[in-house]
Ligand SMILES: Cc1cc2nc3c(=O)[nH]c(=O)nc-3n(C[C@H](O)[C@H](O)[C@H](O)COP(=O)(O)OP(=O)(O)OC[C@H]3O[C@@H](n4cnc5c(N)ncnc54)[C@H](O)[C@@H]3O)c2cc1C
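Before any questions on how it binds or moves, here is one chain, the form predicted alone, in structure tokens.
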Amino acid sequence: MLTNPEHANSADLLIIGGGVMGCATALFALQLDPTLRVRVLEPDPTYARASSALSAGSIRQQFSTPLNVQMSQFGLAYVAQPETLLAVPGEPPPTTGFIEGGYLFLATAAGMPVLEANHAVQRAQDAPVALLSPAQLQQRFAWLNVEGLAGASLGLGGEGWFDGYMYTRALRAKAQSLGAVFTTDRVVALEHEAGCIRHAVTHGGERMAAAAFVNAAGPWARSVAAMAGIELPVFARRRTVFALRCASTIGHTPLVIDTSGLWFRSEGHSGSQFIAGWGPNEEDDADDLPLEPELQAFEAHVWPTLAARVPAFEALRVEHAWAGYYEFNPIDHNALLGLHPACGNLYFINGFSGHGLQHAAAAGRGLAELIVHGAYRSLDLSPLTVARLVDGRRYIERNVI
């Protein structure tokens, strides 16, 4: 059990960042030990700039590592059944707006070996996925131009999309109902000595003690780590999402990942509304760009690429667009979890590189087990240890969007 004997302005567990990771960690820590004093610091309770709210909000089982598949499988229940798992007595049942729509990964001949290798990993974890030939693709998705494609991987169940803001709010409400205290403030300094954090100093002037601290600061995790003298390779990369309307109705689509890296999916129920996004080239993908949509990219790249893959998208217009930060770990595109060797009581839950929302439940549960019990007791998340940065090890996720 964590214990902190200091004055009232203290906690057993102090979580820096109240987005999806901070909320999930607080929730599971209190489920493991209801006596814990858990405090969460979040500078913006509206989540206006939070990746949790600005994400396209999707969940998939089509990953290249067994562990990431397993994390999605655990998280699916929380995304799809919040009215049961995240219910708060006396409050209306929470919802995430989950729509089971599937992912469709397209591949050229050069990309098929990777797709097939990923498929074998997924099937070994009982993920409901199927490999499709170009002819099968054309038969199933008449609106799709299959020219240049050698095949595709389609999720047949347990994949889809949801509202990241509503999911985060549901996790937060559940954590609060269990006793977590959320404070609107920002950490500006960490006081440390003898290899441990002693106090967190906030913008509002508080000096908070705790037995354990968690860096759940999302795209801003690098600056929090730097306060403890730790270099953390997590960067805020801007991603623009376009909300689109097609002049013709093509019906419901899965979340399609084109061979170009661009993605799109249905939005709403009309069959003519979609959202789409892409990852810029490395030389154009700077850190910490302002959260303003990159509107010029639509006509320069997004629209031509969409229209080449879906002929009906020739008649497409942008209704609106938004930008959010992608919490990017360039080392191996995987989460960084647990204790860093340089600090004995600062835990990390960062760097998910685009799959944070869907893995928040599994990561939060695992980190809570590590904090409360000193070891993972359900799903072994040790391959994701942040200590691998020091050891020079990588745990690579190849199926990154």
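None of the values given here were measured: they were computed from a predicted structure. For every residue, the number given is its place in the sequence shown, counted from 1.
Keep in mind that the form predicted together with the named molecule is not shown, yet the notes after this line are about it.
Among heavy atoms of residue 159, none comes within 4.5 Å of the named molecule in the model of the complex. The named molecule is not shown here, but in the model of the complex it comes within 4.5 Å of a heavy atom of residue 355. For residue 50, a non-hydrogen atom is located within 4.5 Å of the named molecule in the model of the complex, even though that partner is not displayed. Not displayed here, the named molecule is kept clear of residue 174 by more than 4.5 Å at the level of heavy atoms in the model of the complex. Note that among 346-354, 330-338, 364-372, 31-39, the stretch whose heavy atoms approach the named molecule to within 4.5 Å in the model of the complex is 346-354. The partner is absent here; in the model of the complex, the one residue of 301, 245, 186, 207 having a heavy atom within 4.5 Å of the named molecule is 186. A heavy atom within 4.5 Å of the named molecule in the model of the complex is found for one listed residue only; from 82, 102, 218, 75, this is 218. Residues of 250-281 include none with a non-hydrogen atom no more than 4.5 angstroms from the named molecule in the model of the complex.
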